[in-house]
Structure formats: C-alpha cells, structure tokens
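Take a look at this one chain, the form predicted alone, written out in structure tokens.
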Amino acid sequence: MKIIVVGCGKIGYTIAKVLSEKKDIDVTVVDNNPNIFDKMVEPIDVIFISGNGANEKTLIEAGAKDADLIVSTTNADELNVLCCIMAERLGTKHSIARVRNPEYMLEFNKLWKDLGIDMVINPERQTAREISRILRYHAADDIVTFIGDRVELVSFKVSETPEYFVGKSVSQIFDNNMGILLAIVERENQALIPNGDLIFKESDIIWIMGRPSQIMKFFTLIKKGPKKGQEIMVIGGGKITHYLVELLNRHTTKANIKIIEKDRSKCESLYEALSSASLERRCLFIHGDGTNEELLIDEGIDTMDACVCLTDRDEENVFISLYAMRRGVKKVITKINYIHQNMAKSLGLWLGNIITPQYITAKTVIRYVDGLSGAVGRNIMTIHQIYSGDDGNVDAIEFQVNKKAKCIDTPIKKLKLKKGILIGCISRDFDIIIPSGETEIHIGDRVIIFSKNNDIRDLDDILEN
C-alpha cells in the first residue's frame, strides 16, 4: 500500500511514523521545510519530498497517480482540503484531511463527501471526545468506538465494584433486555469469551459493548456512573476546551465547569465563542495561572470531581496533575504532547489518564488504513486489537455486509461459528442490535465480530469449514 502524508508537524510525523512501522506500507512525506527531519527526535523510514503538497508537480513526484491514500495534516485547513482534492484528481484512491476550524466542521460536514474527501480528522475535537468519554464513565479504563461513535466498547475492573460481581455468574448479572453485551473477561493474562456460567473474580477486567446511553445506565446500575452536577476544573482555554464544553453540555448529567486560562485574550475569546453558541451557562471563566497554588485552592480544587490539564506546556500539565492528585481529586486527565508516556511511567509518575492528541489522531488513521489494507473486496471497515496476552490476541472487526454471504439470513443459533468467535453487535438502519440466538444478519448491516486467535478476512471466515 502506498500512502502520502502531507505536513510533518506533530500530527503528520506521528502518523507517518506509525504507518512506516507497519508491514507492506510505503510512506512518502511531503513538507515545504527541507530541514524538517533535522528537528525530529527519532528518524523514521519514509521517502521525504520537499515541496508544496498542493502543487501538482510535487504530488506527482510523491506518487499521487497510483497512491492508495493521502493524509494531509498541515496547519491550514484549506490547504489540506485542496491537497486531498488534487491528489484524488490525479488518481489517489482515498483521502483524509485535517480540519481544525469548528465553523468548518459544523457548516460543511455534509459537503466533504461531495468534495471527494473520505475522512475529516480534527485532533482537538477527537481529544475532547476522548476526555468526555473518560469523564462520562467514572470506572472505565479503556474505551473503543465503532459505527461512527454510536457503539462503544468499555473496559473496567471488577475490583471497582466487587460487591456487585464477585461470586456471581454472567447470567445473574447480564440479560438480553439490558442492551449490553459482555464481550470479554480478562483473567490472569488470558482473555475469555464468556458463557452464562462464568463466575466473576475480583481480579477480572470486564469489557462491555452497547450504545453510550445503555452503558451509562449500566454504570449507574452498579453505582459507578457520574453524579449529577459533576464539578470539573479545566486548566487551559484552547480549542480542546471549546470542544469539551460542547460535548459535556450534551451529557444527561450536566457538569459545572471552571476554566482557568492565564492568557487574558485567549480567555475572553473562549468566553465569546461559547457564549455565541449558548454553551457558557454552566461555565465559570477565570483569568489566572493554573500553576498558582493559592488560586487553585481559592477556586475549590479540593471539592472537584475531576481536573483536566490542557495547557500548551507538558511540564505545567504534569505539575498541576500531580498537585490535583495530591489534593485528592478522583479523576485527573493530563494532556501530553512531547513527554513520552513510557518515560512518565518509568519515573513513577502516576498521572491518572494520559492523553496525547497526535496518538489519538494517528490511531484513527491507522484504523482506517487497516480497514483498507485488510479489506480490499472483503468489506472490513475497521479492526481493533482489544487484547494481547499469553493465550493470543482478541480483535474486534467491523464489517459492512454488502454482498451475499453464507452467514446471512440465518438465525445466529443455527450458525456453526468457529471457536473464539462472538457476534457482538449489529447496526441496521438507525437501530443498534445486541444479538440473541434468533437474530439474523442481513445485507446492508454493519456487524461487529470478536475473534480470538482467528484469521478473519471475510465475514464467512467466522464459520467452521
């Protein structure tokens, strides 16, 4: 597979690096700074071309006539869109454009497809969405999304609510009317695809799947959902904060948000932007330095349910996060751009939830690429490796059923599925279906399959023989 990455900033470099490490993918990076690689901490195995990614001659030199994908990640939204349009006109099969302006995302959301752009990525919005999910599910450790974020796969520890699970069987806790699927149980470095007789242990990690609203109901049921009127302190008033407020306002459990920003003009701009969208009602805007201990105490950091550190400086975010945890804040989220997560862990810096915008964006692109590379003619939309341990891997694979297959139009209970296969969820029109034995797969459905140690390249690969 041939992929062109235009723009080699933090986002472009991370995407190019991760793609270049995958087998059978050739990456060409285009940037108008001929010395850009001199600034990189770690070299990457790519072809580098110096030039303007919107220039026809440069794109042809980069191989746009027969490329499978172009990913344009420069700091200019309009340039990214133009690069994608020109590359596709030259023959590139697929395109992804980085678009950061909130107005573009809202106003032109329906027009991207008409322009020939297959995917629009907004790192700040994706980061805000990740933070929003972490805040929504108090007990969640990891969250994976499917079918345009309409379905979520969430993991959590049984030890968070041992009284609800330990010593009870799957059938005692989960039933078909909950709208929740118990997908995987991790136990002693093994992954179990459970049946109704499995008895939960305190050391187990559970993965459940369903609509976000159903998962929220489940966490409320086990008394691990967020309380109403959650008190959240956000340090830093950039684009991520703008999107985060927008997303938190959609939650059924509305949050009260204190935003601290030391740049006065930035603080005022955020207030004006949120006011124009009528999103500022539950927000308090404070012009001040988030590293000032006296300010944090005066603004009630001791009473906060969560502290989200989103300044432009990693050192400030780490410093404030450690302080918030020392003050007893239960949920701390730390944005890091440059400090490597493994370095923070090896130094013993337990920072709660660490988020890295470029890696969140790269992960989105990788999922799209995995769908393209593993699914030519096979209808795979995305592939997620959910678990890797002593007994192998568990993948979650999203299929688009657009051709006749042996497993369609037959009740699931009559299908002879391979060992280690679980049909997790079906999207049909506007419905999300957690399947029972009577459920059938139809043409037009999107289906999520869990596979343990099986090579699944086609929907019929889930069947024996």
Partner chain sequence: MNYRLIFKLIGNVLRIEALFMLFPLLVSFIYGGGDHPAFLWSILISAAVGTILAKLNPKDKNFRAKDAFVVAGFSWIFLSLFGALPFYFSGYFNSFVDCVFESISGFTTTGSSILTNVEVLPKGILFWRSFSHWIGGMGILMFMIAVMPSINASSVNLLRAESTGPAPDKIVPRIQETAKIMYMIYFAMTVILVVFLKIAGLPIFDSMLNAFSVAGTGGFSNMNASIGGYNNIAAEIIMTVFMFLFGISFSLYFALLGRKFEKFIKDTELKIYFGVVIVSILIITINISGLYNGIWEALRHSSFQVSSIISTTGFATTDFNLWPTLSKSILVFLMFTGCCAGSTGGGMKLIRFIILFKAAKVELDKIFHPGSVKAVSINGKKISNDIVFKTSLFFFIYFAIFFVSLLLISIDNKDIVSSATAVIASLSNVGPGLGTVGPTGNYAAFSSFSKIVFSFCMIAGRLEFFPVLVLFTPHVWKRRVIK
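Each form is matched to the other, and the largest set of C-alpha atoms that superpose within 1.5 Å is called the rigid core. Positions refer to the first chain, counted from 1. If you're wondering where the values come from, they're calculated on a predicted model, not measured in any experiment.
Just so it is clear, the following notes concern the form predicted in complex with its partner chain, a form of the same protein that is not shown.
Checking 435 to 443, 24 to 32, 421 to 429, 405 to 413 against its partner chain in the predicted bound form, the stretch whose residues place heavy atoms within 4.5 Å of it is 24 to 32.
Note on contacts: among Ile36, Val46, Val401, Leu417, the single residue with a heavy atom within 4.5 Å of its partner chain in the predicted bound form is Val46.
Taken together, the three residues Ser20, Ser50 and Glu61 all come within 4.5 Å of its partner chain in the predicted bound form, as judged by their closest heavy atom. With a cut-off of 2 Å and the rigid core superposed, Lys17 has a Cα displacement that falls short of the cut-off between this form and the one not shown. Between Lys93 and Arg457, the Cα distance is greater in the predicted bound form than in this structure, by no less than 3 angstroms. Relative to the displayed conformation, the Cα-Cα distance from Lys17 to Arg457 shrinks by 3 Å or more in the predicted bound form.
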